[in-house]
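Taking the form predicted on its own, here's one chain by itself in structure tokens.
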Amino acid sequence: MIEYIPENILRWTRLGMRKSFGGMMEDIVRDYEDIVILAADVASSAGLSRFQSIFPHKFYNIGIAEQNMVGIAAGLAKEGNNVFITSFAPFVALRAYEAVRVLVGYMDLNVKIVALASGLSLGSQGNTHYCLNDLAIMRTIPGMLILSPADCIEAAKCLEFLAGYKGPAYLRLTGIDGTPGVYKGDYCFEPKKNALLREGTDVIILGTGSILNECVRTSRALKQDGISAAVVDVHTVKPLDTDFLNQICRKYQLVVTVEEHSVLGGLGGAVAEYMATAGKHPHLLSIGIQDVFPKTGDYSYVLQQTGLSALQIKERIKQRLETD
């Protein structure tokens, strides 16, 4: 269990996960002498400018060359370094995928990939900067650990865990500046084990990433309509907490997955794949981005457009319960 929580977490919550990454690593690196960070010309965007000045021997700006960054990271890892690399999610996960698959995954190296502003976070910059299929492709790399924290508190705990973890890992950071925190105080983060946020008896909502804010609001709205909905934080997308899935298959009439990701191949796909092998199981409703390129707009607009606001999620759940 990871009980680490920094004192300045409230300031980081206002900044959001992406801009707080560097500040989080300033605290963590003091306990891990072998850590080095590589960035693809995103020091400022990742909050790493101060880190770079304090720890110049632990930071390398590779420039806008994500595939090359992965190759350098692999070489540093082979020499015994504990390597973190970072860039915006579509570039480090999609553009550099082949390099990640061969140089990090196939070689089973100690490289942690920190994907900034995944999902719809960069709303106004459009589909070139949305990242809606990174979970799907990273899941296909054998041995790749995938973490998707709900807020800054959990992101800090994920980074603390990854600092001591040996092997390939992908950390998916979502949300925007000022995204409300899901966790209001400290809690014991248990890697590879789902975290129950709200109790419920009728429906269970499995969410991953900052969209969990909307999932909690959905649960509250459903309660007003007489529907009891549990909410679960699936911070570890790979490997799935299959013990937990086995338990809920026997308990709930409807399982709902919610993600700021394509409905193809992400959390919903992973849960469906497992439940299909589990024998008797409840119905599954997968909520995410449909098989479309969303229209460009600010973050709140794009969430609304793609059906990921709390009230829209609530209506989808109610409609499914009525038809089941």
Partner chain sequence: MKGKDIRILATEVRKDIIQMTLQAGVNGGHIGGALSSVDILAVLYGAVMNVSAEYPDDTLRDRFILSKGHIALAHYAVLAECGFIARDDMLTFEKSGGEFPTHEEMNIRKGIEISGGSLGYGMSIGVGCALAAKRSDAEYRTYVLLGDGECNEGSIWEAAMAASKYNLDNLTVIVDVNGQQLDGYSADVMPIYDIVQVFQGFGFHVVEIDGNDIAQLEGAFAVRCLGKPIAIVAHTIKGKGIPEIEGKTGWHHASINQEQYESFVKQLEEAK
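Positions refer to the first chain, counted from 1. As the structure is a prediction and not an experimental result, all values here were calculated from the model.
Keep in mind the form predicted in complex with its partner chain is missing from the figure; the text below concerns it.
### Task
Within 4.5 Å of its partner chain in the predicted bound form, counting heavy atoms only, one of 36 to 44, 251 to 259, 268 to 276, 282 to 290 shows up; tell me which.
Heavy-atom contact with the partner occurs in 36 to 44.
### Query
Taking its partner chain in the predicted bound form as the reference, which of Gln125, Thr201, Asn133, Thr242 has a non-hydrogen atom within 4.5 Å?
Comparing distances to its partner chain in the predicted bound form, the residue within 4.5 Å is Gln125.
### Task
Give a yes/no on whether Arg50 approaches its partner chain to within 4.5 Å in the predicted bound form, heavy atoms considered.
Taking the distances in the predicted bound form, the answer for Arg50 is no, it never comes within 4.5 Å of its partner chain.
### Query
Taking 4.5 angstroms as the cut-off for heavy atoms, does Lys223 touch its partner chain in the predicted bound form?
Although its partner chain is absent here, Lys223 would stay clear of it in the predicted bound form, with no heavy atoms inside 4.5 Å.
### Query
Just to confirm, Ile62 within 4.5 Å of its partner chain in the predicted bound form by heavy atoms?
Close contact exists here: in the predicted bound form, Ile62 approaches its partner chain to within 4.5 Å, heavy atoms only.
### Message
Under a 4.5 Å heavy atom criterion, is Asp298 part of the interface with its partner chain in the predicted bound form?
### Response
Because a heavy atom of Asp298 falls inside 4.5 Å of its partner chain in the predicted bound form, the answer is yes.
### Query
Does any residue in 129 to 150 get within 4.5 Å of its partner chain in the predicted bound form, counting heavy atoms only, and if so which ones?
Residue within 4.5 Å: His129, and no other.
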